[in-house]
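Below sits a lone chain in structure tokens, taken as the form predicted on its own.
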């Protein structure tokens, strides 16, 4: 999970300039995210972690923080491993 969080943080840091992003920072509340960036984030997650983000995953709470994204990935990879 630490590796996933580091990879997510590295990706997000490209877009947040000098802001030191913490694992529980709400990127939506901070005003960093628009709809175009949200799509880039989803595409990054799918490509980087080889998962598919389904319609039911498109809850804002799944993408608000690095921790939330990591938990989503954990759930997605647990489902993949179980099948």
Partner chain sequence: MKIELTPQQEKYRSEFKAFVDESIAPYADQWDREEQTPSHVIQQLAQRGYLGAVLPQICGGSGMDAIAFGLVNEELARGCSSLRSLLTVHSMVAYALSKWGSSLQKEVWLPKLASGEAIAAFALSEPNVGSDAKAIETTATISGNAYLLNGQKKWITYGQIANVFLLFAQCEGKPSAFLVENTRPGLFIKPISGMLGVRASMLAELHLEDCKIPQENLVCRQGLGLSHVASSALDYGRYSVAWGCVGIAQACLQACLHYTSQRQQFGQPLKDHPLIQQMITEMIVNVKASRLLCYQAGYLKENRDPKSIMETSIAKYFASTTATQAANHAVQIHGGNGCSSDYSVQRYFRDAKIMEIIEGSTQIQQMTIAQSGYSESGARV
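If you're wondering where the values come from, they're calculated on a predicted model, not measured in any experiment. Numbering follows the first chain given and starts at 1.
Just so you know, the form predicted together with its partner chain exists too; it's not on screen, but the next bit is about it.
Looking at residue 29, you'd find every heavy atom of it more than 4.5 angstroms from its partner chain in the predicted complex. Interface membership of residue 22, defined by any non-hydrogen atom within 4.5 Å of its partner chain in the predicted complex, is ruled out.
Its partner chain in the predicted complex is approached by residue 44, whose closest heavy atom lies within 4.5 angstroms of it. Within 4.5 Å of any heavy atom of its partner chain in the predicted complex lies no heavy atom of residue 74. Residues 54, 55, 56, 58, 59, 60 are the members of 54-69 with a non-hydrogen atom no more than 4.5 angstroms from its partner chain in the predicted complex.
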